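In structure tokens, one chain follows: the form predicted on its own.
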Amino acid sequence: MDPDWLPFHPNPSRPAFRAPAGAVDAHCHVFGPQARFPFAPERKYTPCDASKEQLFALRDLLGFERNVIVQATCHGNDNRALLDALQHSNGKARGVASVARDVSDAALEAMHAAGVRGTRFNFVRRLVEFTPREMLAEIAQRIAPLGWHVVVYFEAQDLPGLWDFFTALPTVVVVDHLGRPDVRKPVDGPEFERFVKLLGEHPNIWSKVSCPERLSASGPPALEGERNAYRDVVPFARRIVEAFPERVLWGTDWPHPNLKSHMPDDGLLADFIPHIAPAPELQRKLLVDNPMHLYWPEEAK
């Protein structure tokens, strides 16, 4: 593990918020264990081991029922740790894999059978090397017949240059973490308005309203026992939840790789939810209906 990064919280609190029945943590990871699933040689960070057993225990503590496990860049295109977690989830997890241009049809079909329902394109240069867009477009064309979607991770200032690429993709596109806005800027300012316009003009584009701990300038609660964390992110997330209630997802981002300032208490992250989705019907769409529609459509009502 990189020495200036933090391990995940050793004893997260039980949230005050009670998630609705069937709630899904729609963005989380598994790492290693390195002895069995080595990290990619080309990785730009080395996290701590974070096992499927620890992830599923956190799910139960938070009062959720399912997980969507997202392949992170430290494992590259080696999805074995992800697939192992899916295979041991008793059907309670789905996955978002990372695939290369030369992935075989048989490999895609095997991943689909294991529970993969999407692939991730990362545009954050400090985390990955640049991949030509024409290669990513080819991958998107390959996965579209499977009903998979594309998850995209980028920073807000890069959206103008990515707009045409995102809007031309032939699948549902899920944006990670609100497009990483600068929450020190106005929620109705031009930068975040651009993101709202993206969702408003393109009904195939969804957003995760996750990772306030990465976006916040104010940080975690100053007082021990305070449950209202990351308040400066609330207006941004709540605006997206209320404007696009049927195209939003939420996740813990456990085990919170490459954080340096502080490690969040996952119970506090769950208590963030009623501040951004105050009505029970919004909470149900965010945590149950939307992720079920995208990841378990065969069970969605």
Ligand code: 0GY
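Note that residue numbering begins at 1 and tracks the sequence as displayed. Computed from a predicted model, the values in this text were never measured in an experiment.
FYI, the form predicted together with the named molecule isn't displayed, but the following is about it.
Residue 45 is the only one of 244, 37, 56, 45 with a heavy atom lying within 4.5 Å of the named molecule in the predicted bound form. Distance criterion of 4.5 Å from any heavy atom to the named molecule in the predicted bound form singles out 180 from the list 227, 142, 180, 202. With the partner omitted here, the stretch from 263 to 271, 236 to 244, 250 to 258, 56 to 64 that lies within 4.5 Å of the named molecule by heavy atoms in the predicted bound form is 250 to 258. Judged against the named molecule in the predicted bound form with a 4.5 angstroms heavy atom cut-off, the residues 74, 122 and 214 are in contact without exception.
Contact between residue 153 and the named molecule in the predicted bound form is found at the 4.5 Å heavy atom cutoff.
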